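In the form predicted on its own, a lone chain appears below as structure tokens.
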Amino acid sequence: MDWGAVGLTLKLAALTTLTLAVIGLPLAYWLATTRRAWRPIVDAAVAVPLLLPPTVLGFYFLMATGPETFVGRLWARLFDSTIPFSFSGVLLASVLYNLPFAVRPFTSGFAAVDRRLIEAARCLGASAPRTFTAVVLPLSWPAVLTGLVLAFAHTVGEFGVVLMVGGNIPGVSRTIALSIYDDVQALDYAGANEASAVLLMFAVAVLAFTYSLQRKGLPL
């Protein structure tokens, strides 16, 4: 077992999940409550990673953030580094790739909250942020928890996007999925089997947890 890859994978998954909580919760609440005509466009943009092959997403991410692009030059000026083939680049790509796995459960949970409770809170003088934290979040916590768990678990198993954006650099972008790939390439089937078994048990545990939340009436 490559414990360095395991540690990097857990770090990537934790930071991805944290970032998705920060940007995904307000985005999901907007999607669940807005009546803007262009809501379906935003909803479709969020869901695109579900349909695109990871290599395609990784390719366009590289094209948009390379050192000769505006984003790449701005990043280099601010942080004196490049986005491709760095942990920061892998994190950004991971957030983009996992966005629907967090936002879609968030949105389902927020949409299920009784609008009359939200309107009552606003009528009593609660601000929009106060209403969200005191009314919406407590009533939709299974959806929020499901989104965070799915995002974390999906990040742990990422392969294509990480390989395209970060390469396979030990200590920088070599995750447990890439470690398994390397073991197979080196004909180290025992090592690949050990790491694969850990991921399999992890996946089963995550699915059991999310299905238990679904039994509470939460749509996944």
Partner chain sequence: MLDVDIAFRYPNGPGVECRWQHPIDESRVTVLLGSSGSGKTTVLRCLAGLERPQRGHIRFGDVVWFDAHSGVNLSPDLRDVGVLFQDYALFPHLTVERNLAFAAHGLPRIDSTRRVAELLEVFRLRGLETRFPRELSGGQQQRVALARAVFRRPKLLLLDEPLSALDRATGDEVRDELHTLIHSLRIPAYIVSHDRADALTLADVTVLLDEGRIIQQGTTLQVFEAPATPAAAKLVGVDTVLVGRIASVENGLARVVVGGQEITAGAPAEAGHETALCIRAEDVTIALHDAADVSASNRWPAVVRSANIEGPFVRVGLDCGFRLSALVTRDTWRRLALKPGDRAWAMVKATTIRALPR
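Numbering follows the first chain given and starts at 1. Since we're looking at a predicted model, the values are computed, not measured.
The form predicted in complex with its partner chain is left out here; the points below concern that form.
Of the heavy atoms in Arg77, none are within 4.5 Å of its partner chain in the predicted complex. Within 4.5 Å of any heavy atom of its partner chain in the predicted complex lies no heavy atom of Arg73.
Its partner chain in the predicted complex comes within 4.5 Å of a heavy atom belonging to Ala121. With a 4.5 Å cutoff on heavy atoms, Ser127 counts as touching its partner chain in the predicted complex. Just one of Leu148, Leu92, Val135, Ala112 comes within 4.5 Å of its partner chain in the predicted complex, counting any heavy atom, and that one is Val135. Along 15 to 39, one residue reaches a heavy atom to within 4.5 Å of its partner chain in the predicted complex: Arg35.
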